[in-house]
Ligand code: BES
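The form predicted on its own is given below as one chain in structure tokens.
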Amino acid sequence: MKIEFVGAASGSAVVAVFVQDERKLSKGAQAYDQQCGGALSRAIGAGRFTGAKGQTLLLTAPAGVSAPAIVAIGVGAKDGFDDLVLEHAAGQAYSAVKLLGFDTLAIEASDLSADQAARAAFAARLASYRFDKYLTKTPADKKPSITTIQVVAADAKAAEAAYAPLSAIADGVFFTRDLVAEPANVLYPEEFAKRCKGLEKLGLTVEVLGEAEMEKLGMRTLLAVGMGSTKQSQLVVMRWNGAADKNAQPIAFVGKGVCFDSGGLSLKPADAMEDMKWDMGGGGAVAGLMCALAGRKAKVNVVGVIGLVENMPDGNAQRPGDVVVTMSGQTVEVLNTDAEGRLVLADALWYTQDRFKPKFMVDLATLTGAMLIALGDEIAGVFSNSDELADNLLAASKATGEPLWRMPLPASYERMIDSPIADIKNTGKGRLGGSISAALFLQRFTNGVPWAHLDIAPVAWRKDSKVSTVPDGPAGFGVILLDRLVADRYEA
């Protein structure tokens, strides 16, 4: 998608204008209304379009203007017009016209600030995401026709400058979405690691540890998950040293990267397995975040660690009842091989805190189906041993519209993961508090480092999305949220 910042829309562009509650036209909308002899305001007044958030109205071939169509986008009350409302409106503008045959969309933002104009471009680009590399017979009228997005800004150069870091963040979101969208026969652990290595062109340092290296480090819990697969497990370590002091204590993000989860010998039913190519959504988010931070040259030292495995059943797979030894030295009784993500993260978290001594760690994982039962399919859960870190994450969540809800970590629930023959077991107390017991398991491998766990099982993949900047499919959840966390709280 080509993004341009211009002083006036090209004559062939379909134009999007914003309308507030009670049919109040923005200045840009008023100018077009005057040019077309009031046709826009008459069309708005003739129906149920009021300018409420989420409404759209298309006026085709208006006389007096060169634009082939004008699309009015409702933004609601003036005092509620914030960045998230603007982003949703710009995303809606793209969605409203993407299949109509026009090649250029111009978003009228001349009465907005340069930062707001940049954010409109960012949102429209996010809305344009489409994973179609395996589609060979899509009818022309089902393919988006928009190839250029113009943003009409009062100061086009300032808007373009403000867009540069947002463009890097969008690159990170798209990198994550592409990873999550790929089928598991294409994106297995070694291929995932190879794509992360490709980010070295941005200035990242990327190490890939193979099974022999992980065995030497004692990561037998992570390795046990991959024993049933013919694909080799990997650990990706990504580093960005953007702080003035390259030796300053880093912050760290850790991702679960189960490239396919069959459940292992605790086999999933077929209808629960068909979506499990995206059980690496947490790892994908960490990779996309590192792409975004490097792309915008963030002034901070960051480590990203991703544990990559396939969880498959065969004669060599781990069995329910096995006891495995973690890198930390703690032993784990594996009662359910489908509770594998926490086994991967146990070693990845311990490795991260042991090697890098970070200020804090945030892990992301599509960890539990119980999280969907608790919070539905639009909100991710956050668990933390640090009120400060949790509060910072919740503030970033509110600012970016990637929703989090803090969940408890009651010490009294620790007994749920006690094992009679090992230090810990990988399941809780049946169906009770499944997301909590999983988070308590992870906490045992943080060694007291400030830590937060994001269970993104509800939000890694969207169906019937209500957010215009997140088309159905891979959401890329976490990249924008965590970039905002870093920018607001931890950059110099």
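Start at 1 with the first residue shown and count on from there. Predicted, not measured: the structure shown is a model, and the values here were computed from it.
Omitted here: the form predicted in complex with this ligand. The next part is about that form.
With the partner removed from view, the residue among Asp338, Asp111, Asp178, Glu333 that has a non-hydrogen atom within 4.5 Å of this ligand in the predicted complex turns out to be Asp338.
A single residue from the set Lys297, Lys268, Lys398, Arg319 has any heavy atom within 4.5 angstroms of this ligand in the predicted complex; that residue is Lys268.
Of the candidate stretches 151 to 159, 215 to 223, 272 to 280, 324 to 332, only 272 to 280 contains residues with a heavy atom within 4.5 Å of this ligand in the predicted complex.
In the predicted complex, this ligand stays beyond 4.5 Å of every heavy atom belonging to Asp347. In the predicted complex, this ligand stays beyond 4.5 Å of every heavy atom belonging to Ala390. Among residues of the shown chain, Asp261 is one whose heavy atoms approach this ligand to within 4.5 Å in the predicted complex. This ligand in the predicted complex comes within 4.5 Å of a heavy atom belonging to Ala370.
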